[in-house]
Every structure is written in structure tokens, then in C-alpha cells.
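In the block that follows, a single chain appears as C-alpha cells, in the form predicted alone.
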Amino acid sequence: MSKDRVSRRQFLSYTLTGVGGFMAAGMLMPMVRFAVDPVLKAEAAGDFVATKQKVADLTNEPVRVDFSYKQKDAWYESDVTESAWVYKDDAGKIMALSPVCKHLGCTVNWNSDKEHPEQFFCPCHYGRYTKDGTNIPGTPPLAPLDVYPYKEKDGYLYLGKAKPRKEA
């Protein structure tokens, strides 16, 4: 045995400090993991989903393209179906626009309003967008339609996650 004996007071002090530190670590670890986990997790938002639309078949007339993908939420996996309005602009660049109105989330349709042809029209509150997805002043939407990033692979169109546009 050593010459320096531990008093009861020191023993209790060491024990309580150790138990308190263990409990504090137990409370802090979930918070640290919550803060650090998104940084370490692989970026899934950059994934592109294949559509059945051939790029060669696109014209300057917007067509509705539906695409599906599997979404995993914790332990639940579901099939999600989304849509996009896709066309080629005058320069030949592909435009893929979200059909979700920026006013209240209704679905916009191309060329469905007889009073305002060649525009995207939201029937819920008469919102209108130009062909490039820009909101028309004086109508309910306050922002342009979201844009899907795209890429072409093996002649087919692949779409990413829709992103809001900065310009109005």
C-alpha cells in the first residue's frame, strides 16, 4: 500500500467528479453528434434521377416529365413521384422548371389559360408565369418557379433536386 491514503472526502470528491463527468458526456454526445453528423454525411442532394424523356425529343414547347425515386426517411422507405416542365429555349439550352406555384404550392400548367396563352397558369389563385418561369407582376406569385439542375446521360434527361432562382 502507498503511504498517501485517500481520505473519505477525497474519495467522494473523485467519485462524484467522475460520475458527473460521465453524465455530462452522456448529455453532450447527442448534441455534438447532431451538429457534426451533417458535415460527415455524404451529400445525397446532388444525386440525379433518370427520366424517360429523351433529350433529342425536346422542342421549344414545354412538356410535362414525371419521374420517380425512392426516398428513405429513418426506417421508412417510400416511392416519390415528381414532375417538371421541360423544354429547350431559343439558344437550345434545356430548361427544367418545377410545376409547384410559389404562391401556395398548387400545380401550374402550361398554356391552359385561354386569356393568357403561352404562359404557365396556376388555377388556384390565377397566378401566371412566363415561359422561362418568371412570375408576372400583379399576379399572386412573388417568386419565379424553381429550376431543376439537369444532365444528359446516354441520350436521356436526368434531373436533380429543384432549386429556387434568385432573380425575379
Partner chain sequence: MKWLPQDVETYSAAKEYVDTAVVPLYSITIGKGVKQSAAASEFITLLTNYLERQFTGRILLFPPFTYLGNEQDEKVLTDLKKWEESILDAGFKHVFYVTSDFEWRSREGELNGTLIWLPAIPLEQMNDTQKLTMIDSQVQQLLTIFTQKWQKSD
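These figures come from a predicted structure and were not determined experimentally. Residue numbers count along the first chain shown, from 1.
The following text describes the form predicted together with the partner chain, which does not appear among the structures shown.
> From the candidate stretches 54-62, 103-111, 28-36, 128-136, select the single one in contact with the partner chain in the predicted bound form, where contact means a heavy atom within 4.5 Å.
Careful reading of the contacts points to 103-111.
> Is Gln71 near the partner chain? Define near as a heavy atom within 4.5 Å, in the predicted bound form.
Residue-level check for Gln71: no, no contact with the partner chain.
> Can you tell me if Asp90 lies within 4.5 angstroms of the partner chain in the predicted bound form, counting non-hydrogen atoms only?
No, no contact at 4.5 Å.
> Using a 4.5 Å heavy atom cut-off, state whether Glu77 contacts the partner chain in the predicted bound form.
Flag for Glu77 set to no.
> Look up in the predicted bound form whether Cys124 has a non-hydrogen atom within 4.5 angstroms of the partner chain, and give yes or no.
Within the cut-off, so yes.
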